[in-house]
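The chain below stands alone and is given in structure tokens; this is the form predicted alone.
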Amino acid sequence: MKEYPKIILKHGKDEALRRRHQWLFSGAIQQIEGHPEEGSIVEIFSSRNEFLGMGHYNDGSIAVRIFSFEQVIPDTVFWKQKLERALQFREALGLCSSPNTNVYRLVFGEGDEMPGLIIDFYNGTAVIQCHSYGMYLLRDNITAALKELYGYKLQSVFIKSKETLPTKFGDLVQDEYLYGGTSENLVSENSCKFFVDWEQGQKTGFFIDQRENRKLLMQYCHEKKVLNTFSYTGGFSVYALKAGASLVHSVDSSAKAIALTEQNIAINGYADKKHESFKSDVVEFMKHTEETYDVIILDPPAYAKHIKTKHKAMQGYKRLNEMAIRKINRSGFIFTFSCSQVVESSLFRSTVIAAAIQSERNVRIIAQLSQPADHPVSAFHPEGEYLKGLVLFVE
């Protein structure tokens, strides 16, 4: 078996790995034998020289992202088997054969024991996004495995990692097609149609993680006035119109996002007086609009991407939710979300409650929301639970 650089941990710093947590932090390292480069495969040992795991080395706070707790040969076959298990899981969920949905997440990093790797499947196109250089170095192996697993169902593979990898790799990394080329950008989700811009759009092009929450929204929108803030591609707006909303307003500060929203509204046949888009800062819009709403969706981008910005982020969440609670009509519903990984569910809930208290209106929490099953959370890596949401009823 090939020898890899060896990382030896400090005494007592092996507990997390023995619980199969997939991140090794730099502060736990006593010694490094060999000279691993960013993205190199390394083996991890306890202070008593016990093997603990294998992973990709990173020059940062998370020093190793662990992809195996056994000594394996991490060759093409190894990675193909991992991808095959991920696909079988989505097949078990019924996502790969649904007549109404042809978009889903195939790989969700730690949740699929492939830390640092995201793969989204868009109606024949696989979009790869790497969050570690080690995974980026495997892009050709991953593409070959995807071609074998999907066969004729796979039309193209696009890698989009330039913005998710450290900036020092900027000149080495390109967003490009690894297989095929420009293909059908139209997808179906619960029979709603969406144009997905995986080349230039946010993340991999579409917020797949809100699929089930968009579906739930439909229960509350019939003949109601709906405000969809941070609308991006207009996902919630399309679902609200499909449910028979009397009026839908979509708000986003990005002109590109507004254009996508308008395009998706038209694709689904709802380009009439029931919908209107506004290019505006959401807080400013809610401050100045004279319209009131029966349903409001608050789905902002991650306010806190790092622990240092957590306090400021919570102030932002509180202000946003308080404004929505004050703005909504009596007996209205608010779908409010946070996608910040560093914001725990309990803290988000407490912040929304604080906003409710400040608004001096009676607010009930009627549902707690999360990410869908194709974004699984490993029992050994709770940090994977990043999306949290609440449905509020405001009297």
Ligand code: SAH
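Small disclaimer: the values here were computed from a predicted structure and weren't measured. Residues carry their position along the shown sequence, with the first being 1.
Another form exists, predicted in complex with the named molecule; not displayed. Remarks below refer to it.
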Where does the named molecule sit in the predicted complex: which of 122 to 130, 286 to 294, 89 to 97, 203 to 211, heavy atoms within 4.5 Å? 203 to 211
Just one of 223, 199, 140, 281 has a heavy atom within 4.5 Å of the named molecule in the predicted complex. Which one? 281
Would you kindly say which of 150, 179, 230, 270 lies with a heavy atom within 4.5 Å of the named molecule in the predicted complex? 230
Decide yes or no: are 39, 66 and 68 jointly within 4.5 Å of the named molecule in the predicted complex, with each residue judged by its heavy atoms? no
Is there any non-hydrogen atom of residue 191 lying within 4.5 Å of the named molecule in the predicted complex? no
Consider residue 76 of the chain shown here, and say whether it contacts the named molecule in the predicted complex, taking contact as heavy atoms within 4.5 Å. no
Is residue 257 near the named molecule? Define near as a heavy atom within 4.5 Å, in the predicted complex. yes
Does any part of residue 110 reach within 4.5 Å of the named molecule in the predicted complex? Heavy atoms only, please. no
